[in-house]
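What follows is a single chain, given as structure tokens, in the form predicted alone.
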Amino acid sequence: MSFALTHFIGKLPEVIGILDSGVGGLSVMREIRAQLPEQPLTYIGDTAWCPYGNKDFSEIRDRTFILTDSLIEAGAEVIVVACNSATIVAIEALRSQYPIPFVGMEPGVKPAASLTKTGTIGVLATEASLAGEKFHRLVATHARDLRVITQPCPKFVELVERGILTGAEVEEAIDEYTSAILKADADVFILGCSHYPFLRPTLEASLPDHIQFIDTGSAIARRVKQQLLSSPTHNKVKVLTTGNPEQFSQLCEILIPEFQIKCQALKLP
């Protein structure tokens, strides 16, 4: 039994915990807040280790367990793994190890398959997400007869982590990652990383009007809402980072200004 779980016993948990490699999961937190405004939230952005998408699976899994222990220490009764890479690598192991529910991310292959008229779907995601068995199972189950074109987008994560959502640098990255998929006649793009929704306005402005985008943040919030949650005593939002808290607070001002967050530092091994 982990250190966090020994302290969890006897406590009254009431927090929705959210973890991500950096600021991307804030897009999911925003959706959860919109649907569950009365619930307290605790978010950890593992900026010190960001990005996850290009790291070894064992590294991602071990780091996700460390963050989970911290969230349980903070009173989490349900944890949202708001990172596609961590979900792909660690969600099943987390569910087998901890006695609380976990809600993970997954690329929206099923809704994309129902929307496409050309039979071609573009998947913008991280290397880890695209390499995971779970993604390939989704494609085999829901898009077996469709053309699915995948594209890792590491620059998207880097741009969002720097708070750059518009401008020439973003537009160049969008052109680099989408031009070949557009030439293949894709009409639906899956945003397969929680960082990417912050670039959605620029993506929509840059790509043809007929392109549709799939972002699973609202679906994740609905799944959290279906959990048996405690009656809250407050609805505070706490944001922690393993990186620089001042920089993270500045990014929160850019990405989720409605929250007015002052981030705190979290020291981890």
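If you're wondering where the values come from, they're calculated on a predicted model, not measured in any experiment. Note that residue numbering follows the sequence shown and begins at 1.
The next section is about a form of this same protein that is not shown, the form predicted together with ligand DGL.
In plain terms, the part of the chain that comes close to ligand DGL in the predicted complex, with a heavy atom within 4.5 Å, is 123-131 out of 70-78, 94-102, 123-131, 180-188.
For residue 160, no non-hydrogen atom is located within 4.5 Å of ligand DGL in the predicted complex, even though that partner is not displayed. By the criterion of a heavy atom within 4.5 Å, residue 51 is counted among the residues contacting ligand DGL in the predicted complex.
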